[in-house]
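A lone chain, given as structure tokens: the form predicted on its own.
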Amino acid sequence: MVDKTSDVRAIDKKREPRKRIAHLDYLFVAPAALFLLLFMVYPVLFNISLSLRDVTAATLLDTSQNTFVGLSNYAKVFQNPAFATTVINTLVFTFFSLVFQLGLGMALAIFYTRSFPGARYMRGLYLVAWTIPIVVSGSVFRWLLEGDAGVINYLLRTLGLIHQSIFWISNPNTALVSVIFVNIWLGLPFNLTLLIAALQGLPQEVYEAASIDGASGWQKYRFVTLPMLRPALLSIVVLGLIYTFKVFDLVFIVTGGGPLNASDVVSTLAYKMVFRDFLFGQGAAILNLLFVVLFVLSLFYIRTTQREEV
């Protein structure tokens, strides 16, 4: 007669190492999970709690003295005229940055996909702007755009295009335009690199067939290149929206959001409310609204990429 209990014990002994290995897997994942909890989940939850309370500099660390005010901070944010201005500035900043980055990036990508001497080296020079820290780039452009001793004004005066210095970053009419110009310069290499990779991956047989059918250069671009580039263009646009909409460091370094809030965006307004005016609740409310917008854009990006893969 066969002893079934001994067979079961033997099988269980074989499974024990697998169970131990499974437990080890959790140990390897634990540091990453702890990092996410401490530096991503907890700050978001703390910021939400902060936006629902009346917090001052004296009661910031003592949560027992903070009064629960509900959505009062959000109501104050929407009633603040500066918030409406910064929302408009953010939309203008994002729209023109993306339009010029994508347009110039596409033109340069088509140009550099052609074979000519030095094309690879010239493409590499564009990546220099991408590798330089934003703090350095912003400081350099702040010096270039300076009104009295700026290089840009010097060149324009030398060429006879202007007769008086233009105070690019201290004039309310040109401050936002100056920041948009700098952001276009910074984001152009990113668009150029992705578009070149996408163009080089397109099948050449389709272009040969279009040439046989008598298609012109514009028709090839309109009916062949753009449709096949749709997944790449969609990814670039959504990623550009996410990155540009939350820009803080560039604006803060170049103009500081001034003058008179002329170049303030949502992120710089939240910074000023928290660290200058000590309106912690309202600043947290603005950041939560920004988080919701970025979260929706991220979900849209994930969904669109999944569709393209299917």
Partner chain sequence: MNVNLSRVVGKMLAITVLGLSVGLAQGKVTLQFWDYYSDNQNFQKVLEDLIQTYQKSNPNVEIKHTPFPFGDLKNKIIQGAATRTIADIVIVDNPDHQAMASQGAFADITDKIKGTDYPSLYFKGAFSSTIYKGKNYGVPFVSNATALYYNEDLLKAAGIAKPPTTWAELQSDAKKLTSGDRYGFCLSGVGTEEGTFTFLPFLWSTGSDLTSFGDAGSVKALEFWNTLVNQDRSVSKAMVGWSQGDVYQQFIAQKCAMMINGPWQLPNFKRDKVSFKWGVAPWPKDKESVSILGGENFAIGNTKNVNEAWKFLSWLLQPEHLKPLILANGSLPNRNDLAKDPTWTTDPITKVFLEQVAVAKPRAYGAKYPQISEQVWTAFQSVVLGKQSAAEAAKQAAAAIKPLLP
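Each form is matched to the other, and the largest set of C-alpha atoms that superpose within 1.5 Å is called the rigid core. Positions refer to the first chain, counted from 1. These figures come from a predicted structure and were not determined experimentally.
Note that the form predicted in complex with the partner chain isn't included here; everything after this is about it.
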| item | value |
| --- | --- |
| 4.5 Å heavy atom contact, R142 and the partner chain in the predicted complex | yes |
| The partner chain contact in the predicted complex: P172, any heavy atom under 4.5 Å | yes |
| Contact of T56 with the partner chain in the predicted complex (heavy atom, 4.5 Å) | yes |
| W185 within 4.5 Å of the partner chain in the predicted complex, heavy atoms | no |
| Complete contact of L125, E208 and V224 with the partner chain in the predicted complex (any heavy atom, 4.5 Å) | no |
| Sequence-ordered list of residues in 114-152 near the partner chain in the predicted complex, where near means a heavy atom within 4.5 Å | R142, E146, D148 |
| Rigid core superposition, P43 Cα moves 2 angstroms or more between the shown form and the other one | yes |
